[in-house]
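Quick setup: one chain, the form predicted on its own, written in structure tokens, and binding and motion questions come after.
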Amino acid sequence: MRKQLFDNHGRVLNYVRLAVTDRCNLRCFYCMPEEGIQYINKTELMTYEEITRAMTLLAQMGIEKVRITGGEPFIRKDMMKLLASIRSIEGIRTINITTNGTVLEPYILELKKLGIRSVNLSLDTLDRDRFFAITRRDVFDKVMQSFDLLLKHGFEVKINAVVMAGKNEEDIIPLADLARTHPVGVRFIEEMPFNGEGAHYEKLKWNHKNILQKVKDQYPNLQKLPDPPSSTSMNYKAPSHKGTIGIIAAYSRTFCGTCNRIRITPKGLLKTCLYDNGVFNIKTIMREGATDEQLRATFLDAFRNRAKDGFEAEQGRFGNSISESMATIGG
């Protein structure tokens, strides 16, 4: 029987979101300022060997699913080498990718050969001009080429769309329409303050309730689907649609009670909650000569002292307000 890992609130931990780089070729409004961020020095990044060691230990403890994030993961050199290494770790059953799709196309067939079949594509609009306004880059066609190729090769594709007041409100229904015509999951995400600047609004206009109402106004026959265990999204489907629609209450934090995720940042910081300030640095402990047993004990101590939800984690930041870029923590 496979070993299971639990936190101090009785929640199973079996999923790690692994950010492999903070570098990104886009400058999305909700992720970083237009001028970008101060990128991590390459010597501060976890090496592929360090990542593989950490993932091997976590797999032995009960982690079985890995999501590769960034920044944009495929900007990091030899990304396929790392994916192959993680794929070979005993106990890792699933590897998923989150990408902006701008440089993905050359890797799609390699991903398929490696057995990676699930990709989340960040796409906040289907309008070329608004895409440029949000991302500050003119690469819309490259993203859509990747989208089409992923579907052609049978990937499970989810679209991640952050809903932003005054930026892409008019895109909610066109994006939802993708689920009508394509076998994809379109997920609308509440905007969070992880943008390198802090909260853009005094009050969040597009919370999960308002997003759902907007979609229901367009599709009155929208039906609630059973949500998978530990799902961050509330999922829906209209009877005639090929795909599904999901809504992620990332700012409202309604799903914390079943959260099964931990996060590792590009420089090796363990986050047991998206909203915490980091627990310990895995890379630093490794480079100081920690044994596997010492590292395992440090992980367990962190998991036994996990915040009950994102609000408690945020309060524990001790005056450090949320203003870091999502690119530095992997989302």
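Start at 1 with the first residue shown and count on from there. A quick note: this is a predicted structure, and the numbers were derived from the prediction, not measured.
The form predicted together with S-adenosylmethionine is left out here; the points below concern that form.
Shown here without its partner, the chain carries 70, 160 and 190, all of which come within 4.5 Å of S-adenosylmethionine in the predicted complex through at least one heavy atom. Considering S-adenosylmethionine in the predicted complex, the lone stretch of 284 to 292, 58 to 66, 261 to 269, 26 to 34 in range is 26 to 34 [heavy atom distance within 4.5 Å]. Residue 219 falls outside the set of residues with a heavy atom inside 4.5 Å of S-adenosylmethionine in the predicted complex. Although the partner is absent from this view, residue 125 stays clear of S-adenosylmethionine in the predicted complex, with no non-hydrogen atom inside 4.5 angstroms. S-adenosylmethionine in the predicted complex comes within 4.5 Å of a heavy atom belonging to residue 98. When S-adenosylmethionine is considered in the predicted complex, residue 194 lines it closely, a heavy atom lying within 4.5 Å. Contact residues in stretch 256 to 274 (any heavy atom within 4.5 Å of S-adenosylmethionine, taken in the predicted complex) are absent; none meets the cut-off.
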